[in-house]
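Given as C-alpha cells, the chain that follows is alone and in the form predicted alone.
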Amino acid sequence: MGKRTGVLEVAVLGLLHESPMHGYELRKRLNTLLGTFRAISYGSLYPCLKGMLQAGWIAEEAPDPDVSALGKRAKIVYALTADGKDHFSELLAASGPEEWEDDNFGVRFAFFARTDAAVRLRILEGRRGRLEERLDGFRAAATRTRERVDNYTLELQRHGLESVEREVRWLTELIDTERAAPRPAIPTPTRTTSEIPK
C-alpha cells in the first residue's frame, strides 16, 4: 500500500468514526481535511473504500428504499465496523518517523483529540526534529548558493525558511502545552483488611 493510500485510510476511518457517510460527502470532507492542494479524486477514494470493505473495516449500509422507490439512484452509505474502530485505534497509536512527514502529519494532527497524550507528544517532537533538520539544510544551501542565484530564487529560499521557522515555533508551543497538561492520576490499588499483612 502506497504512502498516499495509508494517509487516505487514516482519514477515511477517522471521518467514518464520526458518522456514516456516502461517497460524495466523504470525498467533500476529505478534501476539506487534506486541503485543496491534495484534493482526493473518486479514482483514489473508491479503490481505498473497496480495500477497506474487503478488510472488514467498513461496511455498506442498505440504501434507503424510499429513494429507490422514487426512481432515484440510492447512495451507498459507508459505516465503520468494530474491526475498523480497532484498526483506527492501532493506526492512532503509531508514532514513528512516517507520522512526522508532510504527507501524514496534518491528517494525524486532525485526529489528535482521539490520540493518546504520550503518542501526541512523540509525534509533535518528531515533527519538530524533522523540521529542524530541514532548517539546517535550508540554511546551509542558502549560504552556499547566495552569490550564484538571482533575487527571486533568494526570495523563494527566504520564504521557505520563514515557513519552516514559523511551524517550528508553533510546534514548540504545542509541545509546551502538552507537557504542561495535567495527566490523569494512576489509581493506587486499595487492599482489603484480609490482604493487609499482620
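All residue numbers are counted from 1 along the displayed sequence. Predicted, not measured: the structure shown is a model, and the values here were computed from it.
The form predicted together with another copy of the chain exists for this protein as well; it is not shown, and the discussion that follows is about that form.
Site residues Ser44, Lys50 and Thr172 are none of them in contact with another copy of the chain in the predicted complex, judged by any heavy atom within 4.5 Å. In the predicted complex, His87 stays away from another copy of the chain, with no heavy atom inside 4.5 Å.
Taking the partner from the other structure, another copy of the chain in the predicted complex has a heavy atom within 4.5 Å of a heavy atom of Ser163. The closest non-hydrogen atom of Val77 lies beyond 4.5 Å of another copy of the chain in the predicted complex. Taking the partner from the other structure, another copy of the chain in the predicted complex has a heavy atom within 4.5 Å of a heavy atom of Ala110. Taking another copy of the chain as it sits in the predicted complex, the stretch 117 to 135 comes within 4.5 angstroms of it through a non-hydrogen atom at Arg120, Arg134.
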